[in-house]
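One chain follows as structure tokens, the form predicted on its own.
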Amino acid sequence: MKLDILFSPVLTDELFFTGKTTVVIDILRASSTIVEALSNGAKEIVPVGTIEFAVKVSGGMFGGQTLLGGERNTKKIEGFALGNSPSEYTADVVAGKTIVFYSTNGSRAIVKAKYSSNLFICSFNNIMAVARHLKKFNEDVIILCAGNNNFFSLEDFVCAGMLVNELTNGKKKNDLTDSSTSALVLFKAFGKEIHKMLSETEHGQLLIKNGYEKDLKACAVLNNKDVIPFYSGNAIKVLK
């Protein structure tokens, strides 16, 4: 199993992912929000690359069964039912619903990797579930960090390092690229105190400033979900 990590979606184009197994990570906050929504019974999540397309897509769906969710620059978008806080996606709100979802980093990364043969979403919340499945799958893996406005994001890279650590079990039989090796080093440096790390990152500081400190706590919880979000047919659903 070869393990490679991309710092940001801007580093490559859509066709690069053709035929590949990809894991998208956006720790603050899309990955956790997607995992939470699916855990609470959402039918599917349709990730989109622009706000305009989100509105267009949702207009063509069944009104009562479709919700618009997401954020732009951390804030809930005007006219959207939901923002990008995991706590908003409760069972009474999302169960049985299709959620058309846009976020500044996460949804765009997922759309970028849409031509992957297998595309999964990973957070700290479900990292063990994803790792277990990938081990059984035994394919080369591209880990795509959503980043922060196309720049490097420490929290995504640390989570990627944790995933590499779980997949290798500390063994060197796997083929690691330089980026995977670097992520392992950062995971060992920052992975023991996840909430503290998130609170000190650039994006974490911005979220705290804008009143979303509770979201950091939710995103820092380790392995409290057994859901594996899987992209298929333009939507993200629970892998059966």
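A quick note: this is a predicted structure, and the numbers were derived from the prediction, not measured. Numbering starts at 1 and follows the sequence shown.
One more form of this protein should be noted, the form predicted together with ligand MLT, which is absent from this view; the next part is about it.
**Student:** Would you point out which of 180-188, 194-202, 48-56, 26-34 contains residues with a non-hydrogen atom within 4.5 Å of ligand MLT in the model of the complex?
**Tutor:** Selected range: 26-34.
**Student:** With the partner left out of view, is S123 within 4.5 angstroms of ligand MLT in the model of the complex by any non-hydrogen atom?
**Tutor:** S123: no, not in contact with ligand MLT in the model of the complex.
**Student:** Counting only non-hydrogen atoms and a 4.5 angstroms cut-off, does N105 reach ligand MLT in the model of the complex?
**Tutor:** Contact with ligand MLT, yes.
**Student:** Check L207 for me: does it contact ligand MLT in the model of the complex (non-hydrogen atoms, 4.5 angstroms)?
**Tutor:** L207: contacts ligand MLT in the model of the complex.
**Student:** Across 66-88, which residues bring a heavy atom to within 4.5 Å of ligand MLT in the model of the complex?
**Tutor:** Heavy-atom contacts within 4.5 Å come from E71, T74, N84.
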